[in-house]
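Take a look at this one chain, the form predicted on its own, written out in structure tokens.
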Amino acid sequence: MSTLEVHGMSAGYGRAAVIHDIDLRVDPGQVVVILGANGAGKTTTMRALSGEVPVSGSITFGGRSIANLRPDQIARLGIRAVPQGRGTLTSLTVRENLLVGASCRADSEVEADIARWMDAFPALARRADQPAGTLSGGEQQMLALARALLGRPQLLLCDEPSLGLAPVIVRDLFSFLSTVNAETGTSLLLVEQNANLALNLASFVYLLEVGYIVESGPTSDFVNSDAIRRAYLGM
């Protein structure tokens, strides 16, 4: 059974549809990327999957329909999102942000997981009692990832994790995502403007153009692809 299956999903804002008849799937432990130019509908796709915008069509997770469930209901089922812009709760401390990520849990291992992700991101440990709004952009992205992982998700949705960050920080974040996938088996669905980084991490690609999936396949099919150049450069 796949982790996530989507068939004929359309979504938008008010009467304006942004994405149309989207079909995609993410299997257990798989890393999948959605590529496309600005305005292609990538963020709307991620918002639809996490329950932030109304959808039509079928979305199932672990065999259960999740179409039009609330974001908190979807999170409780094992999907966590790292939104574009990070979504940091700026008035709360770093530690309080992490506790928010664990709010759906009732087990005794929350503190151990907080320690684990602070070890992974030492900057967060140094600033544990500092308001999250005072962190740098890179540190806030680290916090957003750690907060999502505190929910022990089966599927992590990451929307443009490299946006606005320095290249060295981006490289470290993608290395971290690769490690999380390998060590925990967490499935990843990634929206990313940096095609080269995404293709190095993912095993399967969906190419989105003006709201439609126009091509899909294994990553190897998209290396040096004319479709990628057309999507990003109009060539």
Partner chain sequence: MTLLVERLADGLTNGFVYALMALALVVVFRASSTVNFAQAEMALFTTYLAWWMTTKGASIWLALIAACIVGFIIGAVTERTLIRPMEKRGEMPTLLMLVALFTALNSIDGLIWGLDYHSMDGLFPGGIDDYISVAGARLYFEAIGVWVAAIVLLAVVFAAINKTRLGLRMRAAADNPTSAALSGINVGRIYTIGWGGAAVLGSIAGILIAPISAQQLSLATMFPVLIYGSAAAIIGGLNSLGGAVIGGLSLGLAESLLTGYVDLIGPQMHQTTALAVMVIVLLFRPTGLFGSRLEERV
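Residue numbers count along the first chain shown, from 1. Keep in mind that what you see is a predicted model, and the values were worked out from it rather than measured.
There is another form of the same protein, the form predicted together with its partner chain; it is not shown, and what comes next is about it.
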{"property": "Selected contact from Glu209, Glu52, Asp27, Asp172, since only one has a non-hydrogen atom within 4.5 angstroms of its partner chain in the predicted complex", "result": "Glu52"}
{"property": "Close approach of Pro161 to its partner chain in the predicted complex, 4.5 Å, heavy atom", "result": "no"}
{"property": "Contact flag, Ser91 vs its partner chain in the predicted complex, heavy atom cut 4.5 Å", "result": "yes"}
{"property": "Interface membership of Leu156, its partner chain in the predicted complex, 4.5 Å heavy atom rule", "result": "no"}
{"property": "Heavy atom of Arg80 within 4.5 Å of its partner chain in the predicted complex", "result": "yes"}
{"property": "Stretch 103 to 130: residues contacting its partner chain in the predicted complex, 4.5 Å heavy atom cut-off", "result": "Ser103, Cys104, Arg105"}
